[in-house]
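Only one chain is included here, represented as structure tokens and corresponding to the form predicted alone.
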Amino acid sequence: MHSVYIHIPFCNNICSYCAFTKFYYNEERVKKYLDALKNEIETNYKGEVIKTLYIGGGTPSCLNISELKYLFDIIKIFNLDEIYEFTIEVNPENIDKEKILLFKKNKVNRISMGVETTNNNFLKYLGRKYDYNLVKEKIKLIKYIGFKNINVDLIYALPNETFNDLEKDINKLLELDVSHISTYSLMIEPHTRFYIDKEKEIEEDIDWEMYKLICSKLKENGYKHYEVSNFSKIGYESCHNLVYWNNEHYYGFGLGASGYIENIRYTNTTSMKQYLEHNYKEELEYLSNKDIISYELILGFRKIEGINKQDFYNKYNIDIKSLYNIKELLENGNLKENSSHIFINYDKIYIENQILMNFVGEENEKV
């Protein structure tokens, strides 16, 4: 166990596409929530050395200074490793110099900004309350205060978005000169405004062509494509997200947060009432060895480099090529291998989910 995720479910504004657990900011409710979060952490954290800490949302940066100070006081309980990654998510409209300095003072060393698009018309469509000029201003301020590890999110495949629109988005993100870019195709998910309004996702072939454009442009400009949706400059891969993709253990604290401890994957309640009454966990999944290996394959093959064959053997004492129908997937070209790794054929990334379904619910005597 060496990672922690903390969920802050409050926002000043609810975006049209967001399916995460969230509530409109309310000062009284924030105080009660942070009190409950403090209790959950103090009850469950066992004192392990923490190498990655991630505060997400929601919008953590919508908290005011006193609330952020209280949050940072709560998480001082964690025993941070000498070499650690500490990320906080922010939106450009609710961070300022005082908050960024507070992040710096409290050992945050990575900031992830939800930019989503640089096109002001699309920002309005998504329900975002800022423009690209504000994004540039806040990224410049974050750098000025001393942060070098900065991620920005990009949402693409929007209705009526053209390839020219997307290329302009990518070029403007490149102008920001940040260390990491995460990209997500717009998905219309239940319990969102877009779902209620019956918005439709774009055609799959257009989505695929847009994805290829993103991959090409970012790689041409020095970004390493290291996970299906993620690109970084060398040395700036997200250590925290790699914990997920490497199927390693982590704590999840807060409303709707998920965690993985020993052989249990759990999800916290999304009910604020239940959470404030300290009824934290809603779902528990007890994993067999077969389940654990299935997760290892499904998550590990999201990485572009795939799964290290020797590491897999050392972890499970099993030859990865003896599992499921991996040999068949290698033969038909869906998977490829080199001397050290097995990975999804780069030309097949777009149908990755279809390939990963091979490792769900499959019986195998050797697992």
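Computed from a prediction, not measured in an experiment: that's the story for all the values here. All residue numbers are counted from 1 along the displayed sequence.
Below: the form predicted together with a small molecule, not depicted.
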I'd like to know whether residue 184 contacts the small molecule in the predicted complex, with contact meaning heavy atoms within 4.5 angstroms. yes
Can you check whether residue 349 is within 4.5 Å of the small molecule in the predicted complex, heavy atom basis? no
I'd like to know if residue 180 sits close to the small molecule in the predicted complex, meaning any non-hydrogen atom pair within 4.5 angstroms. no
Is there a heavy atom of residue 18 no more than 4.5 Å from a heavy atom of the small molecule in the predicted complex? yes
Contact residue in the predicted complex, from 90, 173, 255, 135 (heavy atom within 4.5 Å of the small molecule): 90
Of 296, 153, 237, 161, the only residue with a heavy atom within 4.5 Å of the small molecule in the predicted complex is 153
Which of these stretches, 271 to 279, 187 to 195, 287 to 295, 73 to 81, has heavy atoms within 4.5 Å of the small molecule in the predicted complex? 187 to 195
